[in-house]
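Just the one chain here, laid out as structure tokens, in the form predicted alone.
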Amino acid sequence: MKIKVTQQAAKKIRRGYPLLRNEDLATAAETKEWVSFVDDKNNFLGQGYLGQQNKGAGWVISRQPEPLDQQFFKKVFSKAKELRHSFFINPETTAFRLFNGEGDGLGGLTVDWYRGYGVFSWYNQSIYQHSQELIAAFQAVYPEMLGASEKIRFQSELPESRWLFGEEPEEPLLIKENGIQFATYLNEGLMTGIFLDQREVRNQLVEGFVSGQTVLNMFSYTGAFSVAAAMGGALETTSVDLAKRSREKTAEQFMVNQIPPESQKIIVMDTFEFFKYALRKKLTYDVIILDPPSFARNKKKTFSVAKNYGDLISQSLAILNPGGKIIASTNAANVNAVKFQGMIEDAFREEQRSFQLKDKFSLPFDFHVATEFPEGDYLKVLFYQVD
């Protein structure tokens, strides 16, 4: 099937840009099969598919008129595997990203490696239609994969997580990252217990960035930042998250690293309520880590990074010790790096605080980003010292 695109979209495709949005399509079309994209004169531009997801309406995956068959996908997956050779021979890190969607040439699919097991994430219905042939090609390239689960990350009546093939590991499956152990669960909802894209940030904590300091980890999830901080010599960590299960999950992460959970503080509370609580109790911290979800809602408040991140900074400053540090992080794709840094530094200025940007991080190498699609580098992490 041929899909005609606008002149502007044709120019982008010729430059190597892989993403198609609704406004790029010259005529409305719906199909879940592989398609050819053509310009207004019917000239071939590339092949790919239409599939609605949060990033757009479809992806170009080849600029050659070649069969999109198992042989094609084996080449795509083999190239991605070669890029990650160094990860497979590093005994200190046993979990990382194997395949990063459009960054590796196939938007809509990511695959992660957890100590011999895979986690496939599907981001739209169209790519999922081809899941069997894609998984078969992947298994041909990774015969060493012991088994895998899949995550359905689009609206569907399918279970959001299920086991795909091979043996299921005993859980928790303990993986290593920079020599630190983490408990993971590969078939327990959409999350596994750790966000692999923050590996380099956690390594800074392990290497001593917070040594001898008190650390407050907000939106702490399973406490991975807190564990890294404790292993890196933090005086004490406080982990705060609204989800009740965060207490048990965070305690487990400490225990698998032989850190008594009772030596740390794990608090189930809304972040903004905790700021008020800390002020009342006169609690202050040397380091505050802020890594909120892009969007969240509770009974009292709606939060979005795009609108409210500055509020987080302002309230953090009220409980930050003099000369303290703020680690500000977001994975919000709708907030670019310049805007994110501006929001943070505007909040510092409004509070009349001087600051220094000490370091910054984006996606690690295994989360490969295509040169032609720089917005694929969604992670933004900034380390500040505040005077």
Ligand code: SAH
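In case it trips you up, residue 1 is the first one in the sequence shown, and so on. Only a predicted model underlies this, so the values are computations on that prediction, with no experimental measurement involved.
This protein has a second form, the form predicted together with S-adenosyl-L-homocysteine (SAH), left out of what is shown; the following refers to that one.
Screening M255, M269, L283, A136 for any heavy atom within 4.5 Å of S-adenosyl-L-homocysteine (SAH) in the predicted bound form leaves a single hit, M269.
Proximity to S-adenosyl-L-homocysteine (SAH) in the predicted bound form, defined as a heavy atom within 4.5 Å, holds among M145, A278, L242, A183 only for L242. Mapping the unseen interface onto this chain, E236 falls outside it, with no heavy atom inside 4.5 Å of S-adenosyl-L-homocysteine (SAH) in the predicted bound form. Contact annotation: A296 falls within 4.5 Å of S-adenosyl-L-homocysteine (SAH) in the predicted bound form, judged by heavy atom distances. Taking the partner from elsewhere, F225 is found to have a heavy atom lying within 4.5 Å of S-adenosyl-L-homocysteine (SAH) in the predicted bound form. At least one heavy atom of Y221 is located within 4.5 Å of S-adenosyl-L-homocysteine (SAH) in the predicted bound form.
Shown alone, this chain has one stretch from 242-250, 204-212, 152-160, 81-89 that lies within 4.5 Å of S-adenosyl-L-homocysteine (SAH) in the predicted bound form by heavy atoms: 242-250.
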